[in-house]
Ligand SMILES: Nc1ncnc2c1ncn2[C@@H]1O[C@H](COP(=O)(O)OP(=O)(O)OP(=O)(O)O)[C@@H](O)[C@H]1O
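So this first bit is one chain, no partners, the form predicted on its own, shown in structure tokens.
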Amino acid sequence: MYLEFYGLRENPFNVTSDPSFLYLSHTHKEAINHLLYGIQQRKGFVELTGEVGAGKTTICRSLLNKLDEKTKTSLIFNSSLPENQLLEAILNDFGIIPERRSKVIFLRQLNDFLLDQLSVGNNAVLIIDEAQNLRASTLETIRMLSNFETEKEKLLQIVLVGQPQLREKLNSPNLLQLRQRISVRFHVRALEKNEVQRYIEHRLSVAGASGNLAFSPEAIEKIYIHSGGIPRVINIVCDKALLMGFVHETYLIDKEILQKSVEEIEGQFSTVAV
């Protein structure tokens, strides 16, 4: 709606996980480096956690773009699948056609696939998003997948991605064996105050902003306070603010527009005149 007014090619603040818009803050760079290290060094289990909207899924998509063609991947978004359906989804993602819908068959075919990949110098990675939703029994099955190994290295690298509740779940006594196998852990932190402006400017630039569109320092301050540095919340607020700016035909998003936007997002009635 406001794209033409601001001369933008696309919406700069969509809440979808588009890697092309990823702003590599210090914590995001660290996260990707930890994931790459765990995968390339065949560490087996890697754990990535972060608050809702911190950019975990976007990091995973960006990671996929950094892996070479010798790394085969399976990315699972639906962590609530029953155990056998999850195994079948993993096989399908690796391009394996199940011979029969049987857990024993699934595991045998996966093991054969992993050995084949190793024989030609390939690596294999399983990434499970929203892993905090996995049942304990399913997590135990995933632990069993880490048994696919040679005397020297793991055949399958497993990345568990989730909210902080994932750490709490893995701390339960019945998941001790799985927890002990996680050799790489990283928690994605919120953006620092000085990163929020760079994050906003980065997304505007990717979307085609020419420089006439700007957020005032006071508006940036309000965005940081309201969002706590969480990218998804920043996107929601900025999208609303651009719409508000469009309505008032201004290229400067100031603190009054930002305050009005926040109030409308929260369902409040504002007395601020814009």
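Since the model is a prediction, treat every value here as computed from it, not as a measurement. From 1 onward, residues are counted along the sequence shown.
There is also a form predicted in complex with the named molecule; it is not shown, and the following applies to it.
Residue 83 within 4.5 Å of the named molecule in the predicted complex, heavy atoms: Because no heavy atom of residue 83 falls inside 4.5 Å of the named molecule in the predicted complex, the answer is no.
Distance check, residue 17 to the named molecule in the predicted complex, heavy atom within 4.5 Å: It does: once the named molecule is placed as it appears in the predicted complex, residue 17 has a heavy atom within 4.5 Å of it.
4.5 Å heavy atom contact, residue 42 and the named molecule in the predicted complex: It does not: once the named molecule is placed as it appears in the predicted complex, residue 42 has no heavy atom within 4.5 Å of it.
Heavy atom of residue 203 within 4.5 Å of the named molecule in the predicted complex: Residue-level check for residue 203: yes, a contact with the named molecule.
Listed residue that, although the named molecule is not shown, lies within 4.5 Å of it in the predicted complex (heavy atoms), from 163, 141, 79, 197: After the contact test, the surviving option is 163.
Residue (of 241, 46, 54, 220) lying close to the named molecule in the predicted complex, criterion heavy atoms within 4.5 Å: Looking at the other structure, the residue within range turns out to be 54.
Segment assignment from 220 to 228, 244 to 252, 33 to 41, 54 to 62: heavy atom within 4.5 Å of the named molecule in the predicted complex: Single hit among the candidates: 54 to 62.
Stretch 97 to 133: residues contacting the named molecule in the predicted complex, 4.5 Å heavy atom cut-off: Read in sequence order, the lone residue that approaches the named molecule (within 4.5 Å, in the predicted complex) is 130.
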